[in-house]
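Starting off, we have a lone chain in the form predicted alone, written out as structure tokens.
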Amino acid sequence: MTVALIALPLACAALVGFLPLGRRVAAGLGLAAVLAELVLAAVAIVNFNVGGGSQFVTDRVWIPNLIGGADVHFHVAMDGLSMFMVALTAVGVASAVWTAIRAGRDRLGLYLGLLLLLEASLVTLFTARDLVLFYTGWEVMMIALFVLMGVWGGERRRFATLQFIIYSLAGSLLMLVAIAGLAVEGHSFDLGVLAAQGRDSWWMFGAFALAFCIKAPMFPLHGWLPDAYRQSTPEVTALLSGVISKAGAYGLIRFAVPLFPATAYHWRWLFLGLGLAGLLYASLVAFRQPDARGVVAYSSVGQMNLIIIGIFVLAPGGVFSDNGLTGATFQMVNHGVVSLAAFLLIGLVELRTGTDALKSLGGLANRRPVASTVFLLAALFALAVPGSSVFISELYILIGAFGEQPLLGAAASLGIVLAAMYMLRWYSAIAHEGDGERIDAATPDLRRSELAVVVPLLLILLVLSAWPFGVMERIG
């Protein structure tokens, strides 16, 4: 199952991206590939044995005796966290492929091929249990993103891509050095073997944490984000926020803390402090953004820093807090779907108006009831209205934070209040102000083909809200 989830998009990426197919054939093949991936992810969730540990395991020697007698293994498996990250990836890429087809992207075959390559790399890093295999997936993900941003981005795409490359390479190269150091000392690249050895090394932990915190991103390592989110196409921005940022949080949970538990516990207050600063700073900045993408972009920074708070609420010995980790992992799923919906909705508006400036988009609700309703639902989930799945995951994080330090929990609660402020402003500025300069009576409501992108995402959030235990039990 796990191998099929990697091989399917990888094979289709080669076919769609490099064969001289027509636009219709490339679109049909790309759409068929992502829909098949969705089916495989659903089958994995249905067949997952709760309490059964890692499942759908494949372990084969890939490169023998690479460093210090350590073999590199093609070792992939899925537990609850990996499974839902794979499912989130499948949902996100399927939405992105359909949006790209609807938008009529130039060189559509190559564009869809890169999206499928991105999907294969994400599934690889979410399921890898070998450090070299994980790093391979991580770097292929970066390569696909570099091309998608640099070729199909906006007017300032070169600067945004260069900035993204510099930040990413700074983290990933240090992580590569730490992986080599672990192999020399531990004579293995296997995550389970190395985690059982339990090293206490501040520089190795720092190298892993830096790479993951840049990608999350954690304050103040978010400098690449504003330009990257604004200059990428809407569907790539949606994947950056909804899925790829979760790869950073996943790396902290799966690798950084388990490999160096004592070091993580010793440095936990640095991450808790920066996470709290990032949550409050990003929430305040989001309220002042002049464009729809900017609001959601800084909202994502704040929410990812809230997730980092949940991760680093640690007990002595680097043991995760049950409440903090449960909230953080559930919030990764919730925020991923919310971000996908928000950025794809903004992309649909940009296709109509050519802009996402809030001053130009007022009055969208007038004569457009479907768009108004969908935007309102997305905003309500983003601000964590009580009863929603987002509210539940944020509550778990706050309970974990209060358990660590009441002042930490109280301060983090302010971020929830600020989220309501900037998301209500976001919706009000788009839907209920007077008609903006780019909105008039001829601006159409959302069409059925466009609803096919966003309505499934909102339905997923409704299902998660109705049955949150179904996710939290499997992740746990």
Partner chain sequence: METLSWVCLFLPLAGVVVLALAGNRIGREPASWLATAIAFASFICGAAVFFSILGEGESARSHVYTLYTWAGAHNVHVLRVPLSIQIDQLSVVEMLVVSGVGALIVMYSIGYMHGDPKQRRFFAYMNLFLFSMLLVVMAGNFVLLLAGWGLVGLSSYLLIGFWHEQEAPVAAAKKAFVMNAIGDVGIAIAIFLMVRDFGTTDYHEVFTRAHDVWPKGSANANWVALLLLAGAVAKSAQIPLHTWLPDAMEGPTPVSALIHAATMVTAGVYLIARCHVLFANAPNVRTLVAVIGVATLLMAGVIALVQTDIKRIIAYSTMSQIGYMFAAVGVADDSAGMFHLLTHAFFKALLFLGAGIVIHALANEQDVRRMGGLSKVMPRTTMLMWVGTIALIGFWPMSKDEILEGALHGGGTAGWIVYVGGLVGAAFTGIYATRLMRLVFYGEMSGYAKEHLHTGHGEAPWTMFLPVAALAAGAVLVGFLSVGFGITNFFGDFLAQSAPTIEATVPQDILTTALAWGLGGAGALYVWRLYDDPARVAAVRSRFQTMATIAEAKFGWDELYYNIGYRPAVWLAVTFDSIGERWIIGGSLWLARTTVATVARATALAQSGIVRQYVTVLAGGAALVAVFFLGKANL
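In this text the structure is predicted, and so the values were computed from the model without any measurement. Positions refer to the first chain, counted from 1.
Omitted from view is the form predicted together with its partner chain, to which the following refers.
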item: Complete contact of F159, T326 and M421 with its partner chain in the model of the complex (any heavy atom, 4.5 Å); value: yes
item: W269, heavy atom within 4.5 angstroms of its partner chain in the model of the complex; value: no
item: Partner proximity in the model of the complex: Y396 to its partner chain, non-hydrogen atom cutoff 4.5 Å; value: yes
item: In the model of the complex, Y250 touching its partner chain (heavy atom, 4.5 Å); value: no
item: Partner proximity in the model of the complex: A41 to its partner chain, non-hydrogen atom cutoff 4.5 Å; value: no
item: Stretch in contact, per heavy atom within 4.5 angstroms of its partner chain in the model of the complex, of 234-242, 115-123, 315-323, 256-264; value: 315-323
item: The single option of Y298, Y111, F84, F205 touching its partner chain in the model of the complex, heavy atom within 4.5 Å; value: Y298
item: Proximity to its partner chain in the model of the complex, single hit among A357, L351, L376, V184 (heavy atom within 4.5 Å); value: L376
item: Members of 75-108 lying within 4.5 angstroms of its partner chain, judged by heavy atom, in the model of the complex; value: none
